[in-house]
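Just the one chain here, laid out as structure tokens, in the form predicted on its own.
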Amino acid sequence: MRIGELAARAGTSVKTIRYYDRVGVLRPAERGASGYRLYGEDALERYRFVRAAQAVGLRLGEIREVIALRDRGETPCGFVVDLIGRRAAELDARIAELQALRDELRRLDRRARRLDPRRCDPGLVCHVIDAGT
């Protein structure tokens, strides 16, 4: 199938297919006599794998590594399990950061509700967000 058909069947754009081709997560397309890229059914399956891997938080470079393992005939499961564990740990850290930020915003909100705008120090940009507090 030509690139436009692959994109249509995958529910994406030709630009995305070309990008995935360029970064190495799709096998390089063969070229027909007319010079058009020609893809097999395996390209659609690989595209779907890439999207599923992205949906669980894997980055394209990591996905490329998983695909390279499979293309060498190796089973990538152990590598994928390690990636998933690392991504979960990164999310835990990010969640903790976001919770701390939420707590700080709530503290600022409570503080702001007690402040009197008429007593605002003209030397500060905003006394709600005061770098000195």
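Small disclaimer: the values here were computed from a predicted structure and weren't measured. Start at 1 with the first residue shown and count on from there. We call the rigid core the largest set of C-alpha positions that still match within 1.5 Å between the two forms.
Another form, the form predicted in complex with the DNA, is not on view; read the next lines as being about it.
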query: Interface stretch in the predicted bound form with the DNA - options 78-86, 64-72, 34-42, 99-107, non-hydrogen atom within 4.5 Å; finding: 34-42
query: Touches the DNA in the predicted bound form: residue 18 (any heavy atom, 4.5 Å); finding: yes
query: 4.5 angstroms heavy atom contact with the DNA in the predicted bound form for residue 127; finding: no
query: Residue 94: touches the DNA in the predicted bound form, heavy atom cutoff 4.5 angstroms; finding: no
query: Partner contact for residue 27 in the predicted bound form: the DNA, 4.5 angstroms, heavy atom; finding: no
query: Sequence-ordered list of residues in 1-26 near the DNA in the predicted bound form, where near means a heavy atom within 4.5 Å; finding: 2, 3, 4, 5, 13, 14, 15, 16, 18, 19, 20
query: Core-superposed comparison between this form and the one not shown, residue 34 Cα displacement 2 Å or beyond; finding: yes
